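Presented as structure tokens, the chain that follows is alone, the form predicted on its own.
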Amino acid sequence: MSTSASPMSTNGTGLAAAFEKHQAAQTGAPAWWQELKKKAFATYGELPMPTRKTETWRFASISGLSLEGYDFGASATGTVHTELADRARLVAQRAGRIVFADNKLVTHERVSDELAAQGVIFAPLAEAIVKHGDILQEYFMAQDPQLGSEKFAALHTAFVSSGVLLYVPKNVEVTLPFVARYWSATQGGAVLPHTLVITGENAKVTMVDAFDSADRSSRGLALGFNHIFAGRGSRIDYYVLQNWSDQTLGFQINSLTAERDATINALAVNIGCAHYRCETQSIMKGEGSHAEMLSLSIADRDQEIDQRTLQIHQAGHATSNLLFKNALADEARTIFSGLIRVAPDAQKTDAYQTNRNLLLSGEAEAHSLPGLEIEANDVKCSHGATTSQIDEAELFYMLARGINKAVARELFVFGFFEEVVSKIENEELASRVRELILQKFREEEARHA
């Protein structure tokens, strides 16, 4: 399901005209918001595109990064929006849900009267700009990206209109998850999802972002961004389910900041896109803070999934743990480049970084570049990377017991990923993740049949 759009050049006057139209639509927005966008668009024009010599893009396929021909004003019909709203039921039990299609708000399930009375805010970005501008002005894009996609982040800021603000005040705990569902519904369209989560002291909340395309074969551009700010002693569980179409050029920039004794558990599932670039920057800002960063990715055909991470320890007695797992079939490629950076005063830091790759074909490629940058002298930090194929003896064991090869491969991959999936505390969401993994394999099997 997709609608056609008139391609609009994103490298010349077409993009400038699109930005002028976008700015004109910001009626009622405060002056600081419009100025922020104006500066971001200028920054986008000034920053160069990545080249093969750009260190932060090492091993990446630069040739696929052209932004030519995407429509930043794309909009599907109202009928399509209604159908997507019906398809957007990710979890039945939830605290609130917001659905977008082509940057347009489709559905907004507001929080209960009880949560609203406690000060919980769950609002679309356009509404938050008007009603909660003080929060946005303090937190929106408060952490600059620094892993290579600064140019694309500037373009996101210039054009972003769809997104959510989730704010949970001090001492408020929300047991059910909040859900934001972003759809790409137009051929050649550009979508710019943005999620901002802020918790007060000792608060607790779960946020789920789900990215999907109405048509699995449609071409599109996705420029996503999130900022997660965990206040003192609070906890945020944040999940991303990325399932854009097979012809999508996707970017996702994640920024996590944990104050004293705060915990952020972030888990990403990467299924879609022809070329997907994901950058995750986590900052242990306060003593006793903790960040858990988990990811599972499945790549096939000539798909490329490029992941860059930075764990920044600014305060002592803080911990972080990163585990990224990739399964690759056909001629797929994955890239992992991670760095743990420990400041001089961040004594007693405990940080880990692990990348594990499972190759399902002899043509697949997995590149791993873990690293450490330690300036403190009393720390416990380590990193590691492994790449392996399915054990032939184990495969023979399963085949000998009547399990066909396709099912055996699925079982191996499910076992490989279960270490990550088991961390999802919401069983309904965990089941959905397993369904996405199975769907990916069934599609691959159908292509090879």
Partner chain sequence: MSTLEIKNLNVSIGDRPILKDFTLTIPKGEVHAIMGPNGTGKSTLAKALAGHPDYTVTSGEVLLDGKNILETEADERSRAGLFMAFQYPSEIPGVTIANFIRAALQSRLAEGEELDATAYYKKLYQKMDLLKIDRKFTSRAVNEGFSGGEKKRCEILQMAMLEPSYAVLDETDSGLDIDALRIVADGVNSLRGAKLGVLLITHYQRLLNYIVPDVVHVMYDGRIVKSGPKELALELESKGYDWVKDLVPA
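Bear in mind the structure is a predicted one, so any value in this text is a computation, not a measurement. Residue numbers count along the first chain shown, from 1.
We do not show the form predicted together with the partner chain, though everything after this point is about it.
- Taking 411, 42, 49, 62 one by one, only a single residue has any non-hydrogen atom within 4.5 Å of the partner chain in the predicted complex, and it is 411.
- Think of it this way: in the predicted complex, the partner chain has a heavy atom of just one of 404, 386, 56, 382 within 4.5 Å, and the residue is 404.
- Looking at the partner chain in the predicted complex, residues 396, 399 and 415 each place a heavy atom within 4.5 Å of it.
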